[in-house]
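A single chain, nothing else alongside it, follows as structure tokens in the form predicted alone.
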Amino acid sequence: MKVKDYTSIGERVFHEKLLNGLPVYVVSKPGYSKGRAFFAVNYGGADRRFKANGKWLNTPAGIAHYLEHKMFDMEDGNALGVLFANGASANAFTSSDMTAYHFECTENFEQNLRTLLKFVSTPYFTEESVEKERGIIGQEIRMTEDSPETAGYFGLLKLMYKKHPMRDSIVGTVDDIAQITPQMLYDCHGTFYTNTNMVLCVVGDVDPDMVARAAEEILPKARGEAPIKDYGRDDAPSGKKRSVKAQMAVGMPLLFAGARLEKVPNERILQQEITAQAALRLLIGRSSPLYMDLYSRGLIGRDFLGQYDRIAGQAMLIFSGESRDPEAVAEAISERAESILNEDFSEAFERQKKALIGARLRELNSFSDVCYNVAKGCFDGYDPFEAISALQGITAKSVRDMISESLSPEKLMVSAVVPK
């Protein structure tokens, strides 16, 4: 495998695209007893319309998540039980644009890795097992429908995007999953779970050649075609409406405010992410004047934060947390975004830049963060280990421009969840 040393951050990464088309990354951590494997698919809840065998298929919301649940079934048992019996802590998740299966262990790493590769690449569905899962996922759906955080978040996405499928819950509705059949699951697996549409990342004191050998021996030899996805043409905001309010059983109102960012080519994604994180720290970071003012007046809770999200080709800034007066907080964010443009914040910018470098370096100690960032970088076409270099390149002007272009009152949208 090829090796690349990132001397400025002390990381060594082995990388190879195997003959079967699978990208493999091994982030070397000498001396660590723990190892982590992360097998991810470039497929999530928003990928509902796609082309397979020359035909366009429309699938119901929730099918990617449903498939994730069913992938642990094997003809001779359940993969989770096998992994647990071999000392691994294993799980999986589905987001709007990714499905990932992962485990950590301190022993039997190769055996667990082979189990992971086998069950993810070998679908096994029966009418009985698919029907049984419908009840289990139905309970999960009802829990999310009762979640104020879920209601607030997806309420915001529905304001920000008119037709994009990421507006809909990743788990779907009870009516959505009622349509799912074993054949649909096989079609989705055959389309998306191909070597060229997946990535394997391993972090730990693990032999890179062993990882590559296991992937070559267990996974299909065919590379597979890159899936063609369709998110629709109209991603404009859903009209003149700028706010929405839901009444639920909450003790304190919740605020979800957001603004869309421009689409950028792959080579600029990392720069956009870093610029956004610096902008958010300046604007609403815990040491910022706005945060301290809102918190001291009891308008926000300690959990209030701003974050950058990039989902299924769309990028956005989102502000969320408890707020005694969501509308007043959203207005304060827009006012601060306007006033900061007339200030000389170069000193604060350099301070936040250093803090952001420290945060990025700390992420390198989290095996789960490293794996997730490697997968996102692979799917979106950038190198996450270049984040520190990208940080050195951003300027106060680029941060100022992002704040100015994104957070004006007419662009910031607000979803609030208030007590009944």
Partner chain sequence: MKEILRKEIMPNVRLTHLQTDKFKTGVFSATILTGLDRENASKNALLPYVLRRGTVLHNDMDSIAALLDDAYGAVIEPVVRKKGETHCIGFYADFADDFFLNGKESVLEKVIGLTAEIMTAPATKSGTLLHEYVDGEKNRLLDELEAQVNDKRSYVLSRSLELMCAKENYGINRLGRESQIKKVTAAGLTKHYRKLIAGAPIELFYCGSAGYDRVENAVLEAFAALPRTGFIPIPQTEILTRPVKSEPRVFIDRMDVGQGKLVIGFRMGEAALHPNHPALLVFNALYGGAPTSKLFVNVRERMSLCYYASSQIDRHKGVMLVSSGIEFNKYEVAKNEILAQLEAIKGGDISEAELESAKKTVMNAYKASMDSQSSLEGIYLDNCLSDIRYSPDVMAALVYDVTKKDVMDVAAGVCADAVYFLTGNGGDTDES
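What you see is a predicted model; the values in this text were computed from it and never measured. Positions refer to the first chain, counted from 1.
One more form of this protein should be noted, the form predicted in complex with its partner chain, which is absent from this view; the next part is about it.
Annotated contact segment (heavy atom within 4.5 Å of its partner chain in the model of the complex): 85 to 93, selected among 190 to 198, 271 to 279, 177 to 185, 85 to 93. This chain is drawn without its partner chain; in the model of the complex, the residue among K240, R302, R233, K221 with a heavy atom within 4.5 Å of it is R302.
Of the listed positions (A246, L341, M252, V264), a single one reaches within 4.5 angstroms of its partner chain by any non-hydrogen atom in the model of the complex, namely M252. Remark: none of the three candidate residues (G54, T122 and R400) comes within 4.5 Å of its partner chain in the model of the complex, counting heavy atoms only.
Shown alone here, K163 lies farther than 4.5 Å from its partner chain in the model of the complex, counting heavy atoms only. Taking non-hydrogen atoms only, I9 approaches its partner chain to within 4.5 angstroms in the model of the complex. For Q352, a non-hydrogen atom is located within 4.5 Å of its partner chain in the model of the complex, even though that partner is not displayed. Contact annotation for F345: none of its heavy atoms lies within 4.5 Å of its partner chain in the model of the complex. Residues of 286 to 318 that come within 4.5 Å of its partner chain in the model of the complex, judged by any heavy atom, are R286, S287, Y291, M292, Y295, S296, G298, R302 in sequence order.
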